[in-house]
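Below you will find one chain, with nothing else, as structure tokens; this is the form predicted alone, and questions on how it binds or moves follow later.
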């Protein structure tokens, strides 16, 4: 098992944002995390990435306990993550931004540059590699965020709404990129509101609502689940959906 998160909870003062969530991910999977706003999925994601320390439960990565490990330790072990708002170094070039990630595995500047150039070509940013990062629009910054994480050579890639804010054609391009990343043998966990992305990419889906896991299964099983419909649309809509189901 590549990742095993068991009974993970997280409190913020009196607020219990996450209550006993669990997730097992085997090497080579693409797993989707979905749920309405405030459901707890981002909190769970941040606990897995090392940006939040759980108040309960434990997280193992490759049989190493990372429950209270730093984000840097997570990265060195092979866990990479993107952010909903790309953390772009706007005054650096696109190449230099990707080199920031490459330095994790390649302390020598020339080696880091060579590794970064490979990632830049893979992610379709070669034509603008020397341009300042501030010149990129939303699609470019999203792609740059992914490129910088790929430069850390992750075994597990955590994508946090990496396709949000894109046009339909840009979403299709991003889906193609995620598929190429997966084809390189990188395991992926993706938090995404765009159901088309989840239905297209995920092999298995975990659904959060009010801090707990309410469903897990294939994308089609989850979409047809009454509890999931209720969480997104309300109880009345869930009953109507059930009444009109074939």
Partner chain sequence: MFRFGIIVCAAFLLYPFFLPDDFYGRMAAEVLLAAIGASAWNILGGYAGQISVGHAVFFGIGAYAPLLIFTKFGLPPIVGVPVGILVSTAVTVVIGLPTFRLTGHYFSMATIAVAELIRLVISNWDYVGAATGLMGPAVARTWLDLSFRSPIPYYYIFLAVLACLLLLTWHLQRSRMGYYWRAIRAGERPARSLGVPVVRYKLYALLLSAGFTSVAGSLYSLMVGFIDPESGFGILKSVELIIIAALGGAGSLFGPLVGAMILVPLQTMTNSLYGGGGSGLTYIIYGGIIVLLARYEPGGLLDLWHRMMSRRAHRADVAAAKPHAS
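Positions refer to the first chain, counted from 1. Just so you know, these numbers come straight off a predicted model, no measurement behind them.
Omitted here: the form predicted in complex with the partner chain. The next part is about that form.
Student: With a cut-off of 4.5 Å between heavy atoms, is residue 99 one of the residues that contacts the partner chain in the model of the complex?
Tutor: Output for residue 99 is yes: heavy atoms within 4.5 Å of the partner chain.
Student: Does residue 152 reach the partner chain in the model of the complex if we count a contact as any heavy atom within 4.5 Å?
Tutor: Looking in the model of the complex, residue contacts with the partner chain include residue 152, since a heavy atom lies within 4.5 Å.
Student: Is the gap between residue 65 and the partner chain in the model of the complex 4.5 Å or less for some heavy atom pair?
Tutor: Residue 65 lies outside the contact set for the partner chain.
Student: Answer yes if any heavy atom of residue 70 is within 4.5 Å of a heavy atom of the partner chain in the model of the complex; otherwise answer no.
Tutor: Contact check for residue 70: yes, within 4.5 Å of the partner chain in the model of the complex.
Student: Counting any non-hydrogen atom inside 4.5 Å, which residue from 114, 164, 176, 92 sits next to the partner chain in the model of the complex?
Tutor: Selected residue: 92.
Student: What is the one choice in 119, 104, 129, 136 with a heavy atom within 4.5 Å of the partner chain in the model of the complex?
Tutor: Comparing distances to the partner chain in the model of the complex, the residue within 4.5 Å is 104.
Student: With the distance limit set at 4.5 angstroms and only heavy atoms considered, check whether 182, 195 and 208 all reach the partner chain in the model of the complex.
Tutor: Looking in the model of the complex, the three residues 182, 195 and 208 all stay beyond 4.5 Å of the partner chain (heavy atoms).
Student: Go through 44-63 residue by residue and record those having a heavy atom within 4.5 Å of the partner chain in the model of the complex; state none if no residue qualifies.
Tutor: Residues within 4.5 Å: 46, 51.
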